[in-house]
Ligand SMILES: Cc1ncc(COP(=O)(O)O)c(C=O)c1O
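Just one chain follows, in the form predicted on its own, and it is written as structure tokens.
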Amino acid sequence: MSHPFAEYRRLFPILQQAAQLSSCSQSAMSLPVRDAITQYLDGWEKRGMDWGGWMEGVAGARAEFARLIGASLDDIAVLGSVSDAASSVVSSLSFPAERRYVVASTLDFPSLCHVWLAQEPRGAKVRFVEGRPGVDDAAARLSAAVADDTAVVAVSHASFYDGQLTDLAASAQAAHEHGALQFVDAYQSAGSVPIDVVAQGVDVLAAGAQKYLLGIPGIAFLYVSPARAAQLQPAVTGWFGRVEPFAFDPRKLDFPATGAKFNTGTPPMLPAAAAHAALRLLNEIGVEAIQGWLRQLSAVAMAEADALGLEVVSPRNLDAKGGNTAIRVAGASAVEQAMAQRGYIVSARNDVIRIAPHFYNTVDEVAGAVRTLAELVNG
């Protein structure tokens, strides 16, 4: 099976010595990202500060992320993490007795569930849907728990645990039929699964940069639809959440009408420089093409696992999973370390090893990782 992105492998130096298959946790560093970081540091060292250039980098990252998800630049805010983004959004909501529930899955990333639970002193209640690894009907399961008392429907587009996908359009429809807001965590999908926030009816979406977006920790992008932005006003804010942040007017709280109102303090400028370069590369390649290749690599991973007697936890339906193929393993953390020593960088979570390639990975790397895993597990 030929590799459609073979010419891009030269941009990822680590691939000369190891197979990095951990995009569900941290993707491989590319030369464009390294160059962007170096340029930032050089500018700091030689000029002392470069606010104009730094802010251009932030705006460039926002623009590239907007392009990636089919949004407009003004719909995008920049924060430090997806948890920060969720906390900022939820600060703009109220939870009256008649509409107090947040519907969430037990397969959502825990920190987001903790954000919802932290609203209980403000009147919120969390209605957990028991997640089931490997299913292909996540949206239907979530939608069945939505009712007229629901304020927020929390959606993991791709589960951090097994990669199962939730249909964004279907979950948005369920939320909107009951007057609820849909919040999408796209940390495990953005960059590997196509997203069109307008066509899919997404209200709010957040994604960090370090996984399939090819960046580094410290930055997350928050999309808020124009209709929702007009309705919401955050209680968490900062000087970059102003119409004119450089007016330095302490008496004027001038929120913009767009999603940019969810910006807070000084943006993470170095992570933004890295994200700008990374997102530009992703948009050059195209997420639809990336998804097609990752589906082929998922098929390879599952076929190898089956042949070697390993238990695949992820959905078998390729249309219902992201790039992560999870395999159940006892002592997963120790196995992760042992695989790294053999040249395969994967990611452990609880009782699974997650093999999460990106467009730069090959069939041989994925198959080799599964075979190495089987050798370690079976002795």
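The first residue of the sequence shown is number 1, and the count goes up from there. Everything numeric here is computed off the predicted structure, so don't read it as measured data.
Unshown form predicted together with this ligand; subsequent notes refer to it.
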The one option of D162, D185, D75, D203 with any heavy atom within 4.5 Å of this ligand in the model of the complex is D185
This ligand in the model of the complex has a heavy atom of only one listed residue within 4.5 Å, and of Q296, Q233, S81, N283 that residue is S81
With a cut-off of 4.5 Å between heavy atoms, is F128 one of the residues that contacts this ligand in the model of the complex? no
| Within a 4.5 Å heavy atom cut-off, is H276 in contact with this ligand in the model of the complex? | no
*Does the 4.5 Å heavy atom contact test between F109 and this ligand in the model of the complex come out positive?*
yes
With a 4.5 Å heavy atom cut-off to this ligand in the model of the complex, the contacting stretch among 296 to 304, 187 to 195, 92 to 100, 146 to 154 is 187 to 195
Across 220 to 244, the residues having a non-hydrogen atom within 4.5 Å of this ligand in the model of the complex turn out to be none
